[in-house]
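Before any questions on how it binds or moves, here is one chain, the form predicted on its own, in structure tokens.
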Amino acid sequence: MSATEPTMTRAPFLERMMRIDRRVIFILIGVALIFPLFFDITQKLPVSREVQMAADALEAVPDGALVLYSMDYDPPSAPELQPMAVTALKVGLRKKWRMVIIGLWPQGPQQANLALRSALADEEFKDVRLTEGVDYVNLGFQSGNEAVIQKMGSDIPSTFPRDYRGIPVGEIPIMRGIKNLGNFDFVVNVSSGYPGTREWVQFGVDRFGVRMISASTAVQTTEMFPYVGRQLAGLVGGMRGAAEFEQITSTPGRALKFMVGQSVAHVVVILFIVIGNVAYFATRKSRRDK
């Protein structure tokens, strides 16, 4: 071997692995996350107790029930929460619930409309024809945070005097006879923070006795665990929870696909950790000799 040959070409494979450019690792992880999205691949996941409870609670709600969906999130949280909202709405469509949608976050009602459109695009519901105002209604956003929930406990028509389209609630068929939270059979809360699940527990559950499940971002899920089995009938947390929720309700969607990408990316990270450690210990003696 020539003395002028670049050091890199003389280096053994493991030494080269020790000096691999971190940008290569970032690119490989990006490819691992994106590549599975182009294929119809899903993976079987063990379902957590909290998600199982949420699915069981929804299954126990009778067909044709009146269900309130509080969509308390915005687009930055949509990658995690939108699949949960879509799944919860698909369950509602399957059970022919009368669905009333509100938002304690300004963008919540728009996210709900997008989620409902995605749910209706599913092959299972291609023949479903919903009439707005009869089968469902989007009452839109109302400011006031937890005060909105408190007011809904006594008088919903004055809390949401008009729906998302500007139609007075008194002229909306599905709203006839609805006075307060006690008229709802169940509540589904999709929550990204404040106001959200914690406020629904404090005012909707503890004060007015509504039954509800929460679908939360991963970062706030740990704060919700103490409520599970008490104030919350179930909890769906983070992307993993969303994928389990799709699996157990037999409504496969984006979360299950995203989990495949996450799993492949984790495998890539673990491989580089193993290679890095093997290379470090295998080349330690030669580095000492230098």
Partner chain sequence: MRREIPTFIALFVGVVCIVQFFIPHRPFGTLVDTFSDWFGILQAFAIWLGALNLLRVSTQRTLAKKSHDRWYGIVVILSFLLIAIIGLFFSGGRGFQLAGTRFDYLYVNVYTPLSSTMFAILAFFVASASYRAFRARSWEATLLLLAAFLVMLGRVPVGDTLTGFLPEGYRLSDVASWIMTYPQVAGQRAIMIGIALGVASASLRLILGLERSYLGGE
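Positions refer to the first chain, counted from 1. As the structure is a computational prediction, the values presented were derived from the model and not from experiment.
The form predicted in complex with its partner chain exists for this protein as well; it is not shown, and the discussion that follows is about that form.
- Comment: 164-172 is the region of 182-190, 120-128, 164-172, 95-103 lying near its partner chain in the predicted complex, near meaning a non-hydrogen atom within 4.5 Å.
- By the criterion of a heavy atom within 4.5 Å, I29 is counted among the residues contacting its partner chain in the predicted complex.
- Using a 4.5 angstroms threshold between heavy atoms, G209 stays clear of its partner chain in the predicted complex.
- In the predicted complex, its partner chain sits within 4.5 Å of a heavy atom belonging to G144.
- Although the partner is absent here, L45 is a contact residue: one of its heavy atoms lies within 4.5 angstroms of its partner chain in the predicted complex.
- Along 241-271, these residues reach a heavy atom to within 4.5 Å of its partner chain in the predicted complex: G241, M259, Q262, S263, H266, V267, V269, I270.
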